[in-house]
Ligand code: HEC
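Below sits a lone chain in structure tokens, taken as the form predicted alone.
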Amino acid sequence: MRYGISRALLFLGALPLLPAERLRDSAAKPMSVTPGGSKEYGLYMATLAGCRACHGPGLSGGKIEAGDPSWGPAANLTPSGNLGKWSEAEFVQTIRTGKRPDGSPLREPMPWKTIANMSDEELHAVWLYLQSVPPRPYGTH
């Protein structure tokens, strides 16, 4: 029952599982990327992971709109958030272990156990993408 609310929200369409279909170019063609260590591939992987569902369209964090009220707010993933102070190695270690550099745990609903299964190349690409996102003040979506 640990993920019961998440599953119910996914079932009801209130928490998108794979919002990649929303990312299309101006000609409305499906997004296509070549796997590899690029920020474009990182965007693709972050989209598949559903980062924007909780961290907001601009990844600046704040209240998780479609989430369980008991969930805390999502972190700011832009360079102006704590992630902007981390090295790539700290980012990868955090995803792999579920513990931030300061030792604090990542909390549900953060799906770090699933994201931890990404390859080193995929995590590198996500890191490149997150570093390319414009800095935003916390919670401005």
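Keep in mind it's a predicted model, so treat the numbers as computed, not measured. Quick note: we count residues from 1 along the sequence shown, nothing fancier.
One more form of this protein should be noted, the form predicted together with heme C (HEC), which is absent from this view; the next part is about it.
- At a distance threshold of 4.5 angstroms between non-hydrogen atoms, residue 106 is in contact with heme C (HEC) in the predicted complex.
- Heme C (HEC) in the predicted complex is approached by residue 100, whose closest heavy atom lies within 4.5 angstroms of it.
- Although the partner is absent here, residue 37 lies well away from heme C (HEC) in the predicted complex, with no heavy atom inside 4.5 Å.
- Shown alone here, residue 79 lies farther than 4.5 Å from heme C (HEC) in the predicted complex, counting heavy atoms only.
- The three residues 72, 110 and 118 all sit with a heavy atom within 4.5 Å of heme C (HEC) in the predicted complex.
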